[in-house]
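A single chain, nothing else alongside it, follows as structure tokens in the form predicted alone.
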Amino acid sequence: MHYTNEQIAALVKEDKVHRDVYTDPEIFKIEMDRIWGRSWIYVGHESQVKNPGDYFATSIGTQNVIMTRHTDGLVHVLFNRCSHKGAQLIGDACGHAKQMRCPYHGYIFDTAGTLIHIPQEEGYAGSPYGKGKDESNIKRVARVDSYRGLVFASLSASGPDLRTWLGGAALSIDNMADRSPQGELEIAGGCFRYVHDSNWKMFVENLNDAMHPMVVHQSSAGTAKRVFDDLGMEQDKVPFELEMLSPFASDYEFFEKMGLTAWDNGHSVTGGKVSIHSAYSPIPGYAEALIDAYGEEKTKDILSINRHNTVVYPSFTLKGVITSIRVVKPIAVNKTVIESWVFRQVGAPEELFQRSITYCNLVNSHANLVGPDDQEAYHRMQYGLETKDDNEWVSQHRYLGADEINEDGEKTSTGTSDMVFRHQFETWKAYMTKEEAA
């Protein structure tokens, strides 16, 4: 069906949303245009294009793009299509090339997207296509900016600048970068890339959902917690893998106390001073390296922040303590690719990086413990909502009316509230009912 703005707005109530927001292909198409086509979207990290000629092929919503480092040292984000016949220029995920050559007719572009060679160029004499003509270059994404090395792009030429748009979520990025003694992160190695047969919003919402861990992760983390408790009572050294897994099975009171915070543009976070990561064993030499770099007071401030999952709406989530991110790639209304990347903290002990790798192996891998629990939940929600019974609405009633809002518009609530979901859909509706670019 063709949705009017009024019909889209009617899908979101104060305390519930219509199931079509997860199941209707037409709604998905509008999201790709009005949310993913207007917001700042995470593209990659500067370390993935460290040297001139490096490239990284990725996507913004359903649009294929290439992040490149040009000879001028600048990072560019280009649409991944030849300006001639539209063939995809880069087929592999990453690499290095001084130039980009179209695999169809051999037209050559530099890494800033400028057309520099046309076979049999005389055939274009007198035409508007050719070298030195802007419309013949690879089109660049409208806006590109970075924050602490994380590169964002927007398909829209208008809207707030990146730092303003990030708001309170910037603190999570700052803390993640500051955990390096040099204030610098780098992507190391590849990523876990796996497909969920569910709508992209289910993953994004789940990251701040504190009502599911003790249920969904009962068999995996619950078992780990029992082993953890047994070893603790025997005063044996507890393996770090158990330190990672057992907090997922904490009780409602623990998650309640973690709290929730939400900022403009749909961003939100679980936890602050306390989270499931706040009781990890110290790594020898790490605190000392931070103190040498920052001094004792700032080091204490850095390590005192234990945010759980920060959602940078709509495209990625981050965990500062284990310096990793998960990137959301919508494919269809019921298909989403999730990429899990790990950063190395430059100047920190190698054991810290290995701990982050271990965490992602145990939790974010589709072939391990915690992640498959969530995937099963998403699968059941997606197919449950496609059942056309008389109940067309998805509840968001928990702690309705109990949110606290300060003068800056920051919202806070108890940890198991539905506040963040209501907040995300306020943002969703604002994007979706504004026809012209923000």
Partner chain sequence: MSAVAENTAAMQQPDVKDLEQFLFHEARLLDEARWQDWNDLFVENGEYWVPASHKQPDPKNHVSLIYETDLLRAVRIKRFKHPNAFSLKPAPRSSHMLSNVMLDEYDAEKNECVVSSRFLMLQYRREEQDVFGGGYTHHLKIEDEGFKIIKKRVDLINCDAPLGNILVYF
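All figures in this text were calculated on a predicted structure; none of them were measured in a lab. Numbering follows the first chain given and starts at 1.
Only in words, not in the display: the form predicted together with the partner chain, which the text now covers.
With the partner omitted here, the stretch from 362-370, 106-114, 277-285, 315-323 that lies within 4.5 Å of the partner chain by heavy atoms in the model of the complex is 362-370.
Remark: Gln354 counts among the residues lining the partner chain in the model of the complex, judged by a heavy atom distance of 4.5 Å or less.
The closest non-hydrogen atom of Glu241 lies within 4.5 Å of the partner chain in the model of the complex. Although the partner is absent here, Phe79 sits far enough away that none of its heavy atoms falls within 4.5 Å of the partner chain in the model of the complex. Contact check for Glu121: no non-hydrogen atom falls within 4.5 Å of the partner chain in the model of the complex. If you check the partner chain in the model of the complex, you find no heavy atom from any of Ala262, Ser304 and Glu426 within 4.5 Å. Just one of Ala289, Ala142, Leu171, Cys191 comes within 4.5 Å of the partner chain in the model of the complex, counting any heavy atom, and that one is Cys191.
For the residues Leu150, Val327, Val333, Val342, the 4.5 Å heavy atom test against the partner chain in the model of the complex is passed only by Val342. Contact annotation for 377-409: residues with any non-hydrogen atom within 4.5 angstroms of the partner chain in the model of the complex are His379, Arg380, listed in sequence order.
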